[in-house]
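Next up: just one chain, as structure tokens, the form predicted alone.
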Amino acid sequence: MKTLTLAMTGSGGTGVVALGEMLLRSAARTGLFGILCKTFGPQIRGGESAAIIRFGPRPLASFGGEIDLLLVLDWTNFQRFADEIPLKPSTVVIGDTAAGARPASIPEGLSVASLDFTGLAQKMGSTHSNIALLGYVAAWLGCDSAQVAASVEQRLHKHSEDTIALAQQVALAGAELAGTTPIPIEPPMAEQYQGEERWLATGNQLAGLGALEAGVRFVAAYPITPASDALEWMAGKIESVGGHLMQAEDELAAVNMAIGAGYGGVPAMTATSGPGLALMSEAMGLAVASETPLVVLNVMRGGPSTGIPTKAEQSDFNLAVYGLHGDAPHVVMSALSVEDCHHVMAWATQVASERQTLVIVLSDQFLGQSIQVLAPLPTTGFKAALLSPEAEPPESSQMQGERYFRYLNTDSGVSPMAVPGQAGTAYTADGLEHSQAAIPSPKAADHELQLDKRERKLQSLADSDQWGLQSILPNARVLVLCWGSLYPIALEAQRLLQDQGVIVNVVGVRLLSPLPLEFIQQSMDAVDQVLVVEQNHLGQFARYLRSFGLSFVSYHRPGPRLFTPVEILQQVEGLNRA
């Protein structure tokens, strides 16, 4: 499969991210698939930005590696993206004549051309050189004017008709420039496609969709990059399904509001990133102790502290798995691709509801903010229960005289949950340890019984067939084991290795805690060597696996550079040489 990777850079206001989105949308209308990775400076908004798009004839879930075509609207601070935009000797560079001086970091010998996109736009009374560049590149990709015009209109729908019409004319002029000054690279070819109109969605949007489809009807939000996109998307959708989103004054208020909604029987969630998750830890302990359903989506970024808020990393693993005080069993899941953000959030919503527990879902900046072209997704079938005060009275087994046993010690560990207003079910719910009847208790027997019960109700989850995704090949001698956004990258490495005659299996772990140890052990036992890969400095997942007695080779490094399939391929080759 021939794919091609473009990068676009510019300073704040040049509109490279908007250009990337319109280009991706136009290409999708021609039948191409693609994925767009947005990258910003640490100041998040108003500074330099870049967009990296990979196009191909079939679905793409990972960034390939080196750049084939670099498009430059502005060279300012380009060096800040040098790690993320790896050039190669054959990279073609096309820049606006107004882009400024080419930085010394651009290697000599590259094919470099300068075209006057700014002048082209200005001749037509526009300041949007990015639209002229859009028309130029879209024409090279085979997009017709109607497809580009539709993308421009969709992007500028809040502007006047005159503004949209002018932009469409500028794009058309850019396309005409492509006829006289073509890009000297063969574009990827689309395969014939007759299905439904494809989706363009980010992982954050799909996470929100999965949550709403599974029944989340209350969201408490406090903005933080890169999770804010999920909350902003849900704010515009949740009322249409009968729910509500409230912006809180801080993360502590947000998570406590969500716990309050869960206590009232309404499936609820919040979303945050590392610093926010740390602030929420005490309240998450309340959700565990009170056995209140709660989903927390944590979109990871580089840390610690405010770290690198606009780049992806997998360094919140320890915080998610170990970060609660006391013995506080809870569930931790990871999204294995942009598309899987939809699936995992729906599953998390159901698990939180049926097991009355906290579920933390780990995504990252790459999954959350990248835009992927994909076929329409069916609903997952996961559903959370919406509890009502009008429910049936509690069964006799849940009662002792007039007292309702909220924390009854059942075989499954899941106790009957009532909501405020339900007849005969008044009980105390707080962070104190309690008896089965929810009476605050300092007794050792009550403490041990409730600790056992809260742990027991999660253990069977490790047997779930949703625990992960696998790509198993006959006669494989090596297993690449990963989690989160590295899964589609490892899959592409698997295909590259197969082309070289090296057969490997790939397993992506969706359920991180409780660990599906038996499934993982079976995958390991089927091969001679195991390579665990992850994107953090300490190898947090590897250390966790070793605590279960597992043996393997660990490869880990921090962000912000994105992992590439070639990088994993080289690590597997290193195993074979060892």
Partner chain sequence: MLKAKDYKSDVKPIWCPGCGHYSVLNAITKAFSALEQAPESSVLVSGIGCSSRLPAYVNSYGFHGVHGRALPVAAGLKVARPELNVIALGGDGDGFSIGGNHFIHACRRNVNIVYVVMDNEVYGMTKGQASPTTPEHWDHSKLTPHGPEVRPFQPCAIALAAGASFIARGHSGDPNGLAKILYDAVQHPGFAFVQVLSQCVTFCPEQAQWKDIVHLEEVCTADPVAAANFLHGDDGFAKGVFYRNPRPVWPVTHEQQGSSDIRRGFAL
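Residue numbers count along the first chain shown, from 1. Since we're looking at a predicted model, the values are computed, not measured.
The same protein also has a form predicted in complex with the partner chain, omitted here; what follows describes it.
Is Lys38 one of the residues lying within 4.5 Å of the partner chain in the predicted bound form, judged by heavy atom distances? Outside the cut-off, so no.
Hey, in the predicted bound form, is Leu206 touching the partner chain, heavy atoms inside 4.5 Å? Leu206 belongs to the contact set for the partner chain.
Quick one: is Gln247 in contact with the partner chain in the predicted bound form, heavy atoms, 4.5 Å cut-off? Close contact exists here: in the predicted bound form, Gln247 approaches the partner chain to within 4.5 Å, heavy atoms only.
Taking the partner chain as it sits in the predicted bound form, is Val266 in contact with it (heavy atom to heavy atom, 4.5 Å or less)? Contact with the partner chain, yes.
So, Trp347, Leu461 and Leu515: all three within 4.5 Å of the partner chain in the predicted bound form by heavy atoms, or not? No residue of the spot touches the partner chain in the predicted bound form.
The unique member of Ala418, Leu491, Ala139, Val331 whose heavy atoms fall within 4.5 Å of the partner chain in the predicted bound form: It is Ala418.
Looking at Leu156, Ala476, Ala149, Leu212, which is the one with a non-hydrogen atom within 4.5 Å of the partner chain in the predicted bound form? Result of the distance check: Leu212.
In terms of non-hydrogen atoms within 4.5 angstroms, which of the given stretches 315-323, 302-310, 431-439, 79-87 touches the partner chain in the predicted bound form? Within 4.5 Å of the partner lies stretch 431-439.
Within 279-315, which residues have a heavy atom closer than or equal to 4.5 Å from the partner chain in the predicted bound form? Counting only heavy atoms within 4.5 Å of the partner chain in the predicted bound form, the contacting residues of 279-315 are Glu282, Leu286, Ser290, Thr292.
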